[in-house]
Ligand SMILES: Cc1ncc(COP(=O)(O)O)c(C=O)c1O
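One chain follows as structure tokens, the form predicted on its own.
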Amino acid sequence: MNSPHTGQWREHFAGVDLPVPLLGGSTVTGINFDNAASTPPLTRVRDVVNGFSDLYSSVHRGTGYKSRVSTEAYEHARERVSQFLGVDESDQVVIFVKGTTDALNRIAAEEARLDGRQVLVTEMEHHADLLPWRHRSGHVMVGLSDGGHIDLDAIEQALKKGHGKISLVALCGASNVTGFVSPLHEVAELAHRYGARISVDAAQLAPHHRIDVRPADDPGHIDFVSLSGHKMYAPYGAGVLVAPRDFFAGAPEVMGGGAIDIVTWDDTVWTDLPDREEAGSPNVIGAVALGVAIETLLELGFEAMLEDEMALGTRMLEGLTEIPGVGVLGGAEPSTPGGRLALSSFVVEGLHHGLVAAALSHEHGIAVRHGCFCANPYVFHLLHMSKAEVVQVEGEVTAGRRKALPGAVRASLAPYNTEAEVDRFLEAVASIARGRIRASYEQAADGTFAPAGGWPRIPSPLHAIVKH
């Protein structure tokens, strides 16, 4: 076996050695440090999806061979998810959905039926774990520590002040901005102590950290878990919602075929879970892909894989802090094992985040993400912006001037990344921070940057694939 961090996991991931174009007409092997947004498929997942396509059919109630095979594969995927998270299916149900956003909106729709009840959220949340509560159930937002960590005291004080009106505490398993891992079981204990349940947005956490929902009688038990396949090396459009079986009452939010036992001229009799919450033709291929991804990660050695990933993340974080003019959001203090994902968001003094990202891509072949990462309040907190400054920016953006929107650059790692890639990235950031940007860039109305005159196009590999 190769030494750690030099690519021992790389062969198991698809498309990670793709040549990408640079300004000037040359190409280089691309580096994908945008894994927090979406991940490439595991090669085994890709191959299973391709093979399963020949067997695909609609699941449940079909008597044909393909339907029976597809149904078995679909339910097997549900079992894999259940085992991966440690779900007790007598107490909780595993529901296949489109993704984390879909899952959280479904919870919010059901919560909205509880008149007078509220949802507690933190400033750390992704918009998918903020907007559904704000615009359906109503929410109470609590602050964070100065460094951007979950504040357990603030959560407890809000629960006390709520006098039993807070029915749910919603928080991310790990931040997609700083990589900070939330103290899930501690928050769960607080929520249950004050008569609330806990919902975990595990989109970022699940691919990088084992999650144990724990038995229902455990004070630290997690009631809801939401995750997405496209962040777990299975980007085929499926996600998961784990929820208490007694949570769903009455008519489901999404209605249609498969969700009923019988429909008459006057009545509807809804069927049992999980079918009641999976109306319509489900994404069988996406569910199978997610199940295979979980199986593959476990077979490859999930814990060892994550150990290597964390070592790479530490190398990147420490390297960024040593570059003059670069500041890491959330700071760079040593974290406890498992306390921070292999992810860093940073700013370069004197340079717009969009310009830094563009230069990394067009001049170095490195894919990152920039902006506020669908977590505006958290980024504003980490940038130490005052409310007056935020109001001013809001006015600019509302007027269509998105150039004023602040943000940072995010680099996020996966097990297939290597030390050589991290070092190449750090060299590129250091060069940019020293002002060595070779091209002229123009900022578009949406705030993004592109090389003046556009950048050289090469024939898309997709064209050849489709034509073939």
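In case it trips you up, residue 1 is the first one in the sequence shown, and so on. Computed from a predicted model, the values in this text were never measured in an experiment.
The same protein also has a form predicted in complex with the named molecule, omitted here; what follows describes it.
The shortest heavy atom separation between L297 and the named molecule in the predicted bound form exceeds 4.5 Å. A residue is said to contact a partner when one of its heavy atoms sits within 4.5 Å of a partner heavy atom; S228 meets this definition for the named molecule in the predicted bound form.
Using a 4.5 angstroms limit between non-hydrogen atoms, G99 touches the named molecule in the predicted bound form. Taking the partner from elsewhere, A128 is found to have a heavy atom lying within 4.5 Å of the named molecule in the predicted bound form. At a distance of at most 4.5 angstroms from the named molecule in the predicted bound form, all three residues A36, D201 and Q204 contribute at least one non-hydrogen atom. Just one of T122, Q92, S361, N176 comes within 4.5 Å of the named molecule in the predicted bound form, counting any heavy atom, and that one is N176. Of the candidate stretches 268 to 276, 73 to 81, 148 to 156, 228 to 236, only 228 to 236 has residues whose heavy atoms lie within 4.5 Å of the named molecule in the predicted bound form.
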